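Taking the form predicted alone, here's one chain by itself in C-alpha cells.
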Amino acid sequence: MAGRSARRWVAAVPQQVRHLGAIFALLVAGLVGARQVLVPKTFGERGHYRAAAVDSIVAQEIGYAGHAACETCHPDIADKKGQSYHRGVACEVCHGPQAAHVLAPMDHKPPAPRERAYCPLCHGYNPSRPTGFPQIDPVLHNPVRPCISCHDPHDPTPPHPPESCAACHGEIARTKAISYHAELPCTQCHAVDRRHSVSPRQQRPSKPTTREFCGRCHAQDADSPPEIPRVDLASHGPGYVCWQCHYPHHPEAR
C-alpha cells in the first residue's frame, strides 16, 4: 500500500517539477564531487584558506630586500628621502626588487627609471586621485624632457610652487573653464594661504560660508553687470548657503 501511495504521489507531481528536481539533484551531486576534486586537501585546516599555501610561499625565492636594507648602505639618500614628499615611497617601488643587490652589491646594480613615462604612472593627471596630490599633463608639462632633469627623485620638491590652481585641481579647472564663472579668478571666492601650494592638506583654502557672499553679485540690489542672474536673498532658498544647491565651478542658473 505504501509503494502504491508513493507512486500516486509522484504521478500527481507536475512533470516540470520532477524535471527541476532531477536537475537540482544532479547539480548538488556535481558540487559535492567537484569539492572533492578541486578543493585542496589542506583547505580549512588553519582557517579559511589553504594551509599548504604557507609552505609554497616560503619556498619562493626572495626578491625584495626591504627599505631597512637600503638605508644601511645609503644613509645619506635615506635621510634626504625621509624629509621629502617621497618619504612614504619604498626604494624598491622605483628601483625594483633588490634582494640580489643586497647579497652581491657589485654584481647586481639597481636600475633607476629615467624615461619620462615612469613618473606619470603616479603623477599623470587622473581625476580619481586625491585633491592636492601633485599631478601634471605629461603632454604639456615640459614635453620631451625627462622628469629627473628638474626633479630629484629622492627629494622631488618642485623648483618653484605651482603658479596656477589648475596644476593640482585639473578637474575643477576644466569644469570651470566652460561655465559662467570661467572668467572669475579662484581667489575671488577662496582665500588661499601662500603655504597652500607647498602643504595643500595642512593649509586649506577657505570657501564662502554666507549667502551674502554670493549676493555681492547675484542679489537684486547688487552693483554688478545686468546680465548676471539676480535672486531675492530673502525668499530664494532661505536657510541654505548658495553652494549647497548651485555648484560654484559650473553654476547652471542663467
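Please read all numbers here as calculations on a predicted model, not as lab measurements. Counting begins at 1, following the sequence as shown.
There is another form of this protein, the form predicted in complex with a small molecule, and it is not shown here; the text below is about that form.
Residue-level contacts in the predicted bound form: of 41, 46, 207, 35, one residue has a heavy atom within 4.5 Å of the small molecule, and it is 207. Among residues of the shown chain, residue 192 is one whose heavy atoms approach the small molecule to within 4.5 Å in the predicted bound form. Although the partner is absent here, residue 227 is a contact residue: one of its heavy atoms lies within 4.5 angstroms of the small molecule in the predicted bound form. Taking non-hydrogen atoms only, residue 164 approaches the small molecule to within 4.5 angstroms in the predicted bound form. Using a 4.5 angstroms threshold between heavy atoms, residue 178 stays clear of the small molecule in the predicted bound form.
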